[in-house]
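Only one chain is included here, represented as structure tokens and corresponding to the form predicted on its own.
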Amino acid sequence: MKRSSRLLTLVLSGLLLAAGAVPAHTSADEPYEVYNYDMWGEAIPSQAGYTAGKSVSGRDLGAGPMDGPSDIFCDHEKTFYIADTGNDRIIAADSGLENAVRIYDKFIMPDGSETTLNSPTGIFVSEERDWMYIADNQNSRVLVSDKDGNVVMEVKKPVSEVYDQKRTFLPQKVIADKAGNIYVVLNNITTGAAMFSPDGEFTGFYGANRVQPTAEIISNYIKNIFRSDEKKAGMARSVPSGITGFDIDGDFIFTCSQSSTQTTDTVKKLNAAGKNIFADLELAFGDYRPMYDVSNNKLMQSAIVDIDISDDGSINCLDRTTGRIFQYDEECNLLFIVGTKARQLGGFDTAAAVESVDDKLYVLDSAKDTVTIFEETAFGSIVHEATALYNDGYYEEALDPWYEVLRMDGNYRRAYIGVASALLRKGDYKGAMKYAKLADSPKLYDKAFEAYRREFLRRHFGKIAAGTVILAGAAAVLRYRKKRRTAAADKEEKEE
């Protein structure tokens, strides 16, 4: 937009903020400054959507100290499962994450023999079968068992032409869909998640990332057009980054990649066919630009190590580099930024996994050996209420909560988008244009403008049509008179 438009937007935003009695502020309880991004992609102070409530260790659970835990999952019965990697076990804890209810360190095989885990790095519990799926990394298998510890099956390295037999089978994360299909992230494979049928048969790879289209790759692609097959075979191939973590939500699987050098396919939403719904959208996840770390004197590029989908559809992305959770709504609009790198409560050393339950976020730290519980604030609650109403199609009902959000934080861009979208659905196109401009959302503004123009033409069609007829008639009269004058002039010239 033009500079004058930006200045006008700033003035209007300032007036809205001044009109509210509650300015944006940083929570004094957090070891970091709470921020968000404005309409121009600049980091600005913001209201906190979550605040750290407490940190839970293995000792707090009564399970003894944890050692490098890698994953956390909450099942449909609100039981938490923690992959305690260094201790070769799975800890099951109650819904309040206060007491361990069971320790899974031994399992019974179908033949009655006993087996143990070796560095488990991923845990998933299916609602349909009530089975545990464990990425038993150093045993090179996925162990599937019931909650009594009885092994249902083992998923091991597939014997297939599709799977490179030179590569080991090192499961890192695992999930299963409603039909029982199993998806496994392998930390030495970049061709997508290995997919297995409900009975453990390998069916191929799923959801491979694309190669980052760098200048070098594009240059090599053009040069390859003129290279011989022999030279092409000798060239090093560009490979995409591998999937790091994933979560399942209904019929969709969300994946993430922790590569700090690749921005393509950082977060994907895959349908049953493996197509990325986000592929053609201009989306960015994590910080808009690398943050400068004063203590380490370096730029910190976001690297999404884990992803979680909340019950309300919010997308929670855990950034390993900065120790932050970036929460987005279903349309990938940024809602909140939570956490940081710090030793205090609310900060992390090595953030490993994120999980959400109801209005809380749970973040596992594999260096501190703890789980930090973040609780929703009043501001976070009103934002989520407005977002949920809009997602459910209650656009007019979402207006008042969005206005309340703006009263509390006049710089909160998502609220301007929410108001503009709600007004657009309501049919207040002029108001939608106003708030879309404040949000600096060209696409939303164009939609509102097109609707406003159509409505204007519909309302004034009669007048426009009548005016068109009058103008056409007047033009016809003028042409007729001009023709007569021209004819008269020609006649006079001939007579002379």
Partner chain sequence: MMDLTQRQWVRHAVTHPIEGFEDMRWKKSGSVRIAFFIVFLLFIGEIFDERLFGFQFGIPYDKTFSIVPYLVKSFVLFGAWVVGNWAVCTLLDGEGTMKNICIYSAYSLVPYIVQLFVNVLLSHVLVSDEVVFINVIRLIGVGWTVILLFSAVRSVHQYSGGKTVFAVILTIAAMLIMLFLLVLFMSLVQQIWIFILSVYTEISYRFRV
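Positions refer to the first chain, counted from 1. From a predicted model like this one, the values you see are computed outputs, not experimental measurements. We call the rigid core whatever largest set of C-alpha positions still superposes within 1.5 Å between the two forms.
Another form exists, predicted in complex with its partner chain; not displayed. Remarks below refer to it.
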Partner proximity in the predicted bound form: Gly62 to its partner chain, non-hydrogen atom cutoff 4.5 Å: no
Non-hydrogen atom contact Asp428 with its partner chain in the predicted bound form at 4.5 angstroms: no
Distance check, Ser441 to its partner chain in the predicted bound form, heavy atom within 4.5 Å: yes
is_contact(Asp67, its partner chain) in the predicted bound form, heavy atom dist at most 4.5 Å: no
Every residue of Lys437, Phe449 and Arg453 near its partner chain in the predicted bound form, heavy atom within 4.5 Å: yes
Contacts with its partner chain in the predicted bound form, stretch 97-129 (heavy atom within 4.5 Å): none
After fitting the core, Leu438 CA displacement of 2 Å or more between this form and the one not shown: yes
